[in-house]
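First, one chain by itself in structure tokens, the form predicted on its own.
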Amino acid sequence: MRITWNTRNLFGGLLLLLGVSLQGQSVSQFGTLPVVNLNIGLSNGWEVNTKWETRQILSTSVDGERLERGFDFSLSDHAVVLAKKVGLNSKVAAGYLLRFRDGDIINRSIQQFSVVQRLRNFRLAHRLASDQTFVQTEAVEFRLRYRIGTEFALNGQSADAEEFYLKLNNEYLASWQGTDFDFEIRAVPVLGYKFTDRNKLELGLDMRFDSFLTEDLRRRSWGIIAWYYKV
């Protein structure tokens, strides 16, 4: 397989994450992240995506010393996004997310643009997104996000029904809230199985590194189990 410049960027980001993890983290968390994703196709290139996910923290460590272990519910997200196909391989989308955490309801608006390159042996996807998070007692948080991802069939040139595939995502997030600025890097390797063209399941790991600009680097890793269904 010929490695393109964009693919090298993807693997370069994954190596950067590995280098960060080898330096050690001040705060580290591990938990689970189940996801249910329903996509409804409409007419004239429109579609609606609804997603539900929840996070549970299983362990927390500081400077390598485990402080907490057990099941601790973190939050639940419910999102609806309306998308429109604007080109052969591109979409624009906007939506809204409700987050339930510690008895509070957090609101977030979402805007995004995505492009998919279908190459010979794999698919390369780019997504540029922004969102705004609203909490009554806090300043509005603004985020700008770029994600690059690739998907490989493990049998043949493309993943067909009853076949496995490998997907790698690498995302970079910049956030502003009042006078505070932060930067986050995410790497998400997953193994997927396509039951049918409309029904698939993915298992993987969502690794997130943030607080680069403070003394306490934070690492969070979530074990993913995600179900996708298209109507």
Partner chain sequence: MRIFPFLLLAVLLSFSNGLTAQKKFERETRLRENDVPAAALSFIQATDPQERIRWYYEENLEGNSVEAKFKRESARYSVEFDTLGNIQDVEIEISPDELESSLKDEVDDNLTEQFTKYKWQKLQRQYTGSVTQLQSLLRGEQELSGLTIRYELELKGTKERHTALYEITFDEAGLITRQRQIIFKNANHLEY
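It should be emphasised that the depicted structure is a prediction, and the values quoted were computed from it without experimental measurement. Numbering follows the first chain given and starts at 1.
Below: the form predicted in complex with its partner chain, not depicted.
Exercise for the section: Select from the listed residues 191, 174, 40, 67 the one whose heavy atoms reach within 4.5 Å of its partner chain in the predicted bound form. Expected result: Exactly one listed residue reaches within 4.5 Å, namely 40.
Handout entry: Any non-hydrogen atom of residue 157 within 4.5 angstroms of its partner chain in the predicted bound form
Key = Taking the distances in the predicted bound form, the answer for residue 157 is yes, it comes within 4.5 Å of its partner chain.
Exercise for the section: Answer for residue 206 alone: is it within 4.5 Å of its partner chain in the predicted bound form, judged on heavy atom distances? Expected result: Residue-level check for residue 206: no, no contact with its partner chain.
Exercise for the section: Considering only heavy atoms, tell me if residue 132 and its partner chain come within 4.5 Å of each other in the predicted bound form. Expected result: Looking in the predicted bound form, residue contacts with its partner chain do not include residue 132, since no heavy atom lies within 4.5 Å.
Problem - Partner contact for residue 151 in the predicted bound form: its partner chain, 4.5 angstroms, heavy atom - result: Looking in the predicted bound form, residue contacts with its partner chain include residue 151, since a heavy atom lies within 4.5 Å.
Practice task
Work out which of the listed stretches, 58-66, 45-53, 180-188, 26-34, brings a heavy atom within 4.5 angstroms of its partner chain in the predicted bound form.
Solution key: That would be stretch 45-53.
Handout entry: Residues within 4.5 Å of its partner chain in the predicted bound form, restricted to 176-203 and counted by heavy atom
Key = The stretch touches the partner through 194, 197, 198, 200, 202.
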